[in-house]
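Coming up is one lone chain in structure tokens, specifically the form predicted alone.
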């Protein structure tokens, strides 16, 4: 994220695409509402009529899977109608000429893409003009952009729009990927990306690698690791034993619930020789674990998180954990030591200081400075008290590229990997809801939330589709894709377009990831959670289906160690 969250309130235009703050990030949504009250104009691009769409000045109900068509059409209008910032492009960017030539093609005119995007060409033009009308246009996107097989290229297309209009490098402007979890940014900061060391230092960088090798007393490899979504292939398809995955250490993750194509994931977990799960409650992946490490929860330990706007924030322990529980970092140290690598720290501050000493961008974010304010945003290079971090990136339009300029990249539209057909005539996208968090490992144990919504969840459908299938609200239905099937309840709603369906991914019985595709973005290996083909079938014997749901839910809760009163043992 190139700006900070508080800056949202001072935006003049917010371009909101594939993101619904009121559900995903209520505190960020408050900033959007405050901006609206100050006169900010909001463009909302989303296949569903979300809460954000309801307050938008311009709502574009795009057809799912056509993001790149729309973004290229926006750029087409900005370039061909002369809405670009000529001085900014000339001084601070490179690659414009070839990009402009490609994007000016009639293939990306609003009238050309209208049928496939299901958008009014005039609305696309209005959005482009509004985007280019301000030097305080802020772009917010969520997983409605990134969880596609062309996700990375769509992110670059959003960046192109900002470069075209000079919306980079000053206050209240730029790009804002709003992260899906509370510490996604932090895990990347700490080097959990398979090709990066802490502080975004590439494993292929000899100097960086030697620095870490010296500090840790072990020679590091220049070969990148694997991404999470590559695990099934390395277990089920890899023939070379030296390249196969034989052990899987899973910390704070529930792939048996959250990964796409769950039938494949279950086969994968069943075939791995050794599985360790480290978590605060039992989850569905624990059924495949050889060893389970119970860890402390967020209120039982201290440390540092990074929020989506690059802000390091300290957390403090609120309650003392049970004597038989260990913190994540303590478990890792004990395991490393038992395996022959002596790893020891006395506290989290020692870990943090080591990370700062090896990561120049984070060097100035001392524990002392983190306590003084609402966190420190990186880059923060100096421990000196005067260095308070960086609220927005690319100041004065200086970019972290070899030539210091922003680079234009053109990508043509690539269709989704799986489209509707005669056997599977509907599209399915996975979404979030505000009542439950992620895969319900925590919120699934809350009795109050049970009273608001319960298994097996629901599938949101347009009333016309429900009428065609003879399905009424709250009836149990069977949802089927080329990979599997699941059972859930019908939720007719006008917020959903005809031919589209939506499911939230936290339900244990109504698990939509039984259906989702394992097609990946070739650049990031992110799954295409937001689009696959499916069909919905009416269940005639509702009484038998209701009993099945009750029996399955009781079995799952027993396996997870949840008592009848709703609490984990």
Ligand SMILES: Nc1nc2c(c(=O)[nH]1)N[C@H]1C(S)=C(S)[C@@H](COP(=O)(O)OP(=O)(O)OC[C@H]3O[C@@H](n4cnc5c(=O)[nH]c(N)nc54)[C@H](O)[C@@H]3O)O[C@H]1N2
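Residue numbers count along the first chain shown, from 1. Source: prediction; values computed, not measured.
From this point on, the text means the form predicted in complex with this ligand, which you will not see here.
Subject >> Candidate from 404, 415, 425, 180 lying within 4.5 Å of this ligand in the predicted bound form - any heavy atom >> reply: By the 4.5 Å heavy-atom cutoff, the listed residue in contact is 180.
Original post:
Of 437, 200, 409, 274, which one comes within 4.5 Å of this ligand in the predicted bound form, counting heavy atoms only?
Top reply: Looking at 437, 200, 409, 274 one by one, just 437 meets the 4.5 Å heavy-atom criterion.
Subject >> Exercise: residue 283 in contact with this ligand in the predicted bound form, heavy atom 4.5 Å >> reply: Yes, residue 283 sits close enough to this ligand in the predicted bound form that at least one of its heavy atoms falls within 4.5 Å.
Original post:
Using 4.5 Å between non-hydrogen atoms, is residue 224 touching this ligand in the predicted bound form?
Top reply: Although this ligand is absent here, residue 224 would stay clear of it in the predicted bound form, with no heavy atoms inside 4.5 Å.
**OP:** Decide whether residue 142 counts as a contact residue for this ligand in the predicted bound form under a heavy atom distance cut-off of 4.5 Å.
**Re:** Looking in the predicted bound form, residue contacts with this ligand include residue 142, since a heavy atom lies within 4.5 Å.
**OP:** Would you please decide whether residue 278 lies within 4.5 angstroms of this ligand in the predicted bound form, comparing each non-hydrogen atom pair?
**Re:** Heavy-atom contact with this ligand at 4.5 Å: present for residue 278.
Original post:
Just one stretch in 457-465, 159-167, 377-385, 425-433 has heavy atoms within 4.5 Å of this ligand in the predicted bound form, so which one is it?
Top reply: Only one stretch qualifies here: 425-433.
Subject >> Interface residues of 242-272 toward this ligand, as seen in the predicted bound form [heavy atoms, 4.5 Å] >> reply: In sequence order, 251, 252, 253, 254, 258 come within 4.5 Å of the partner.
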